[in-house]
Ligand code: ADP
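The chain below stands alone, shown as structure tokens; this is the form predicted on its own.
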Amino acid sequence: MARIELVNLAHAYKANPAKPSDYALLPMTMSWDDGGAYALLGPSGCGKTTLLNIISGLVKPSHGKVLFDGKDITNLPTEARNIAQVFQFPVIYDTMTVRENLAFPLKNRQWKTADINKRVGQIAEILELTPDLSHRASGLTADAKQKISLGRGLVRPDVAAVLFDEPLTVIDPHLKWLLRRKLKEIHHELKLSLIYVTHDQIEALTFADQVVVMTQGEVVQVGSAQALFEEPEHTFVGYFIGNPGMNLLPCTVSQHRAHIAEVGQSVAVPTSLAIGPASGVVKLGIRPEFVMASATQAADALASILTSARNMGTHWLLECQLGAHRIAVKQHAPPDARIGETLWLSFPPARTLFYVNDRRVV
């Protein structure tokens, strides 16, 4: 296991990058603790797999350094980094038994047979593969094969880190949930450093202690699930995390009021918010869970038209039209207005955030 540090790290696949769009990874500096569980989260093409491959040694960065426990390993090949990597599709030997597959990394390192058997038995029990140890891998289901692949990554207790590149993509939704829970249990039991790449926010938020959110080659926030949900530092985080994502309304600020663009209505803003006309593009952000909706007018509420109300079982999902803007609202009770009627929307100040040029200012 190791503490991983990325120092002024950046990468471009093209020669002589001159502008941000030329980079697959924009410059970043961050540290990941020994024994931590981290997720790299973002849409396809955001740079998360490139970052994982730099850590593993499959890609050499254009700029910066990678440190394991303070040692510069930027130029070391993959085999010299003492890491394990689990890929999207199972990497196993079909002609071998489950036991032989799990033992293979240890045999290559010339472990004693008794030690191999003990460690293989431990990993097989954790992954619930014990009944299949004597079976050929070729005859097993897709999820069992991926468990073997996970086991091959976890079987070495001395690895600096275990890297997962979307390992549950080929697994059906119910088994995904079971394997995510199993990975969480493994992390708590074995205390390995785990880095998990995914585009699925549920996978990231349920697996990781800290989530690294990426877009267009940039790390825009690192934080816990709660921090990403309640205090997104970038509009992308607000939009990408949550279902539906954060409501984001363009506005202008003057005289301690946020004037919603093209609506002719406004709400109060914190006195500490100092945004002038030259500051940049200003947006008000609020989660659907925090919007308060009522057919009765309240102080500082905005008049909208209720356009949709769906019973989702655990909550009601409302859609309201506020001028040209569509506002999502999540609440436990059905709306007290009918479709097409006025619904007054209140934004609690403690739950209302403001962004300038997509970055949070308050």
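Please read all numbers here as calculations on a predicted model, not as lab measurements. Note that residue numbering begins at 1 and tracks the sequence as displayed.
The next section is about a form of this same protein that is not shown, the form predicted in complex with ligand ADP.
Though the partner is left out of this view, residue 24 does reach within 4.5 Å of ligand ADP in the model of the complex, counting heavy atoms only. Of the heavy atoms in residue 44, some are within 4.5 Å of ligand ADP in the model of the complex. For residue 49, a non-hydrogen atom is located within 4.5 Å of ligand ADP in the model of the complex, even though that partner is not displayed. The stretch among 36-44, 301-309, 61-69, 327-335 whose residues place heavy atoms within 4.5 Å of ligand ADP in the model of the complex is 36-44.
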